[in-house]
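Read the single chain below, which is given as structure tokens and is the form predicted alone.
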């Protein structure tokens, strides 16, 4: 079987297809510490892309409550059991990925969820924090904590859906690395549904084909961010095209945050797919949980996040989240002495955003001398 370099697991790994990296790779960063599960991203995606017949259960974007929530139900627990507990020797994965240790022509290790597993998109929401009466069911299991995990297709470097498709209907675009399903070739065998460890490939019983997140490629081709990114109220998302050929760039916000500073980490890197959605880990969740979810580097990432106020360049990169509807290809921190700005440019060199580190404050007198009127708060 051919092998590929996988920088997320620190070694080469088996993968059934050879291939060169795309010219650029679509990528996202989600800050879990800022997500409030308002589901604006979910609604933006749902109303645009999956509002048709047979798509009622299809959520290309969803936000789930951890540790008990998941869509489909228990997707992460089930695949983690099949893959085994991840063992790391530093930054190198010690155990096998879902592509390794298989018989010739055997698809990646996976499972197909039951129909009922798609019935409860918000399962577990807020329960573990004790914010609803039924939260008492979890008392005594561990200290109450929770966080929201926003999820979309990872548009992986080594897609399991592509590796499993017997029709070769799944393909990865050369220009931006977006993974798509050719609806003309697909026959609805659901091998991609079974193989994807993140369960972000869905079966449409009306069209009898599989469907998945298309990365908002009509917008990407115009230099615009995805709908879920633009609609995010909490500004937890950064969407762009990271460097996939050559060394990562210091002046590219996603390259800088992911590859250089390693503040944002991939979700379940031990699966070997090379996901391109990266998460800033929550700072209040036990390490033993996060180490299995995001791999090595969690402790260092959380330390960096807590010290952002002393790290101007990294803080500047994070200020770009949600700052523009255009993808940012280059950034810099300009100014000094309390008047700093995080500045972003698109791939054409046009400035698309300028975000102040400190918002301007204007204090008006209680008495307006010009109008001889008093300003006051009214209920």
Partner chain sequence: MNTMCKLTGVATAALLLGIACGKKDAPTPAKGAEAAPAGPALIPAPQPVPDPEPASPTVPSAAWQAAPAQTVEPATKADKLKAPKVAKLDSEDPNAAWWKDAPYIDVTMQPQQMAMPFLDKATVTSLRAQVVHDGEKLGVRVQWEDATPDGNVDTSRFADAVAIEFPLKGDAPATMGSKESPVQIVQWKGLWQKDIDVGFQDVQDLHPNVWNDVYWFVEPGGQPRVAKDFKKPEALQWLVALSAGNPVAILQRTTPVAEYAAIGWGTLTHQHHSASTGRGLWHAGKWAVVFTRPLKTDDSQDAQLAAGQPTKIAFAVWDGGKGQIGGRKHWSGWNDVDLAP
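In this text the structure is predicted, and so the values were computed from the model without any measurement. Numbering follows the first chain given and starts at 1.
Below: the form predicted in complex with its partner chain, not depicted.
Peer 1: Does any heavy atom of residue 221 come within 4.5 Å of a heavy atom of its partner chain in the predicted bound form?
Peer 2: Residue 221 lies outside the contact set for its partner chain.
Peer 1: If you check in the predicted bound form, is residue 166 within 4.5 Å of its partner chain, heavy atoms only?
Peer 2: Yes, residue 166 lies within 4.5 Å of its partner chain in the predicted bound form.
Peer 1: Would residue 209 show up as a contact with its partner chain in the predicted bound form if we use heavy atoms at 4.5 Å?
Peer 2: The answer is yes: residue 209 has a heavy atom within 4.5 Å of its partner chain.
Peer 1: Flag residue 171 as yes or no: does it have a non-hydrogen atom within 4.5 angstroms of any non-hydrogen atom of its partner chain in the predicted bound form?
Peer 2: Result no; residue 171 lies far from its partner chain in the predicted bound form.
Peer 1: Sort through 241 to 249, 258 to 266, 223 to 231, 71 to 79 and report the only stretch with a non-hydrogen atom within 4.5 Å of its partner chain in the predicted bound form.
Peer 2: Among the listed stretches, the partner-contacting one is 71 to 79.
Peer 1: Only one of 32, 42, 50, 324 comes within 4.5 Å of its partner chain in the predicted bound form by heavy atoms, so just point that one out.
Peer 2: For this set of options, the contacting one is 50.
Peer 1: Under the 4.5 Å heavy atom criterion, name the residues of 264 to 290 that approach its partner chain in the predicted bound form, in sequence order.
Peer 2: Residues within 4.5 Å: 268, 286, 288, 289.
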